[in-house]
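The chain below stands alone, shown as structure tokens; this is the form predicted on its own.
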């Protein structure tokens, strides 16, 4: 295992290029199971989660070649319908194989998934919707056992917005017989990306960029070549790195529309930005003020960016409040920031930050992906040395984080952990 050693208070400068989106690529990998042949994906980030999903696909019989962010998937022959516990337990996105396996093979056996400990993300939405499509499902010994004699179109209304369930049902419905209507569908860019990918494969889907999707099932899809969109959360992370260190860096190769909610919040705080279609440059940071914000499904402020904003708010005099409405256990990083000198309280689902604190370096521990990234940002502005342990959480979602920060001028090193 490894940890980060950070010496803070360095001014950053230069440009950072954003990698492909992890959360967009993962369902595309699963969707490749819907067809027989070779699918080519470009701009795929080389991350722990991607490699885990590839191991799941390999177990199912998929052959792949992954070089320099280009991924070739040969799904000609699937040898099993079972996704094993040892792989699925480490990553929730593994459940994405449920819909494609049911649609293509008529059966699936998928271990109940694991992932970051940021609150319950039940799979019942996936299961209930699959049953409406015509699957027979039972849960035994920690596995979802699903079979069908043929998925059939139906109307599905999600009781709450779910990116994962929307994606899974889309992948099941494209090969179902008849018409499927999904209401209260997620609007996240990663869902739009999956829709674009499926349409290129030959799927018939209407309602993109709305919360009602209509899918006309077809008998067969074709393999395609496709380029993954830039990662919006990584874009926000490095934008926050520049703002928190008061550095005039430029974030490039990004989709600005995907982080409009963060840009609005930063401008409300008082940050001056130069925004174009695919880049953001930090122009001026002065006289910042506190803010109140609420995390919401897209296009609202993303829950994944909530922890990354908090270290900045510890610098700004006055009170700031983040109302977390998505994941109830998103706050594991807060005690670590408090150990660094932040004045923060948690009141039910709200984070109350008394700004103006000066952070001091110490040893902290990442407990999840975005919380770990937040501790890295805190280390960038902390006095003296910060050690962030358990960075395997960060490796799940950030490609070469230390390399990108080093190129900007940060003093950050990956060293072996004593844990």
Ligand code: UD1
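Quick caveat, the model's predicted, so the values are computed rather than measured. Positions refer to the first chain, counted from 1.
Not on display, but discussed next: the form predicted together with this ligand.
In terms of contact with this ligand in the model of the complex, the residue from 244, 123, 256, 265 that brings a heavy atom within 4.5 Å is 123.
Among 201, 334, 161, 285, the residue placing a heavy atom within 4.5 Å of this ligand in the model of the complex is 161. Looking at this ligand in the model of the complex, residues 188, 303 and 330 each place a heavy atom within 4.5 Å of it. Residue 26 belongs to the set of residues with a heavy atom inside 4.5 Å of this ligand in the model of the complex. Proximity of residue 349 to this ligand in the model of the complex: non-hydrogen atoms within 4.5 Å are absent; the residue sits far from the partner. In the model of the complex, this ligand stays beyond 4.5 Å of every heavy atom belonging to residue 316. Remark: residue 89 does not count among the residues lining this ligand in the model of the complex, judged by a heavy atom distance of 4.5 Å or less.
Note on the interface: of 266-274, 286-294, 153-161, 170-178, the segment with non-hydrogen atoms within 4.5 angstroms of this ligand in the model of the complex is 153-161.
Shown here without this ligand, the chain has 92, 93, 96 in 68-99 lying with a heavy atom within 4.5 Å of that partner in the model of the complex.
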